[in-house]
Ligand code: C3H
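Below sits a lone chain in structure tokens, taken as the form predicted alone.
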Amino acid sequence: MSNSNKQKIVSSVPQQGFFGHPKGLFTLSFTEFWERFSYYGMRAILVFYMYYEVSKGGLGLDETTALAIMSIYGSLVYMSSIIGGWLADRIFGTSKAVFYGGILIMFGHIALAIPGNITMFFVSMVLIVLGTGLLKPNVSSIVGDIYSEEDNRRDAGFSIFYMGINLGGFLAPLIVGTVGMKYNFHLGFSIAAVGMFLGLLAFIFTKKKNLGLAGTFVANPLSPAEKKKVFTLIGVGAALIAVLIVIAISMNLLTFDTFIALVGILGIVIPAIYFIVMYRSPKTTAIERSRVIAYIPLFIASVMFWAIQEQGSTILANYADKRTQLDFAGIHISPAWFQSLNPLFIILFAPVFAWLWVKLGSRQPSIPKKFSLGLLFAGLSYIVILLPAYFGGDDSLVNPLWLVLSYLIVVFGELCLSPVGLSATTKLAPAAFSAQTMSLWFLSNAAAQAINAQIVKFYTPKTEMIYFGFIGGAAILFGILLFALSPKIEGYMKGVK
């Protein structure tokens, strides 16, 4: 997108009206609030739905299989952001991508809400994967569009946006989790579908007044000749993939284990290809190439962070269900409620971190140093959770406050890394790849969960000390290394602060 178009967008958006920020931030935050409500509500009960017995309303899958599916599903959700970013950059813009994505997500939750068999479960997964890939990276990209590059409110704006997301994430497990676990899984999924419908309504009825031209420009549109060629390739490619899948299944080559391995490979290969394409593109300037290089270690740090944070819905969810004392302080705790801890702590502390960055101004830590702090906190969160087994053994139920403390510490890391990473992505992205670079940011989460799908099988109550200790220690060591390399990385960022 040209600089003149960027200025037109900023000029078309009312720059005051939402806590001192552009009014469009309200539209985007409220839309993402409901999208995250639907997603995190579904996710709070999904792993339990998979491995609970059929007599309890679940699918009756093996626990290890359910944990791996959960990780693969999370990986594909973020991996599909490549498609959403490309479609937004090249065909219909970010605003339409958000709208189409919301529709697919809503129908995905509706499919989950229909009592049926495992086939309906996988149909819903496909719809939600594709829908989230369209919506999630592009709504974040529009947030970047409503601020000028020199606007000092940008980081604080992303923190407010991030807080809105997590308000939805906090309420969802309490509402959807309670209904799904206590009454009926499918009724819980129905509530998630309603949440996405409300998000669509919020976006449709406020975008014209609050967003102006934001999301309407196609950053790098296809020419008519390119469109014909691309659509032909997509059609042929889809048909070829379908044929290969049928052949692989008939020859017993496409098993669950091989699919996990394939997703794991794609989680590493696809981001690598993206970096190469952006770096070598003639549309990328010399300064932008330097910034792409600076982005690589940040991306790697993000992968390691999310590999720990995303296990909150797999390993720690299972830990809450099987290893935690759920009768505490006179109440019975639903294991799904622990999924509210992460967003709750973000709601409480995001304003503190946003205030801190503004207060420090030019004295605040650089982007790479904030990333290193994020990794240090993530590592410590796993060191904390291994302590109960060390002190009490692996055969006794754990006080839930240990789990609460682990979630709290990783949230400190998330607030150092995630909103800062969103903002850094919009600053470091080559102009011709603006939405796709945001997709690349979400690919760090895809890569992390693809890796998680490989390693969750090593977790058992007997191995939890080694499991948590190895992963936590590795994150701390990499955080220290990143901190030491920060001055070098800052040099490649070419003026981006």
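Because the structure is a prediction, the values reported are computed rather than measured. Just count from 1 along the sequence shown to find any residue number.
What comes next is about the form predicted together with the ligand, which is not displayed.
field: Segment that reaches the ligand in the predicted bound form - one of 459 to 467, 47 to 55, 34 to 42, 65 to 73, heavy atoms within 4.5 Å
entry: The contacting stretch is 34 to 42.
message: Please identify the residue among 159, 313, 372, 381 with any heavy atom within 4.5 Å of the ligand in the predicted bound form.
response: None of the others qualify; the residue that does is 313.
query: Which of 78, 295, 147, 377 has a heavy atom within 4.5 Å of the ligand in the predicted bound form?
result: When the ligand is considered in the predicted bound form, the option within 4.5 Å is 78.
field: Contact flag, residue 407 vs the ligand in the predicted bound form, heavy atom cut 4.5 Å
entry: Contact with the ligand, yes.
Any non-hydrogen atom of residue 367 within 4.5 angstroms of the ligand in the predicted bound form: Residue-level check for residue 367: no, no contact with the ligand.
message: Taking the ligand as it sits in the predicted bound form, is residue 342 in contact with it (heavy atom to heavy atom, 4.5 Å or less)?
response: So residue 342 counts as contacting the ligand.
- prompt: How about residue 109: is it within 4.5 Å of the ligand in the predicted bound form, going by heavy atoms?
  reply: Although the ligand is absent here, residue 109 would stay clear of it in the predicted bound form, with no heavy atoms inside 4.5 Å.
query: Which residues in 163 to 179 have a heavy atom within 4.5 Å of the ligand in the predicted bound form?
result: If the 4.5 Å heavy-atom criterion is applied to the ligand in the predicted bound form, 163 to 179 yields 165, 166, 169, 173.
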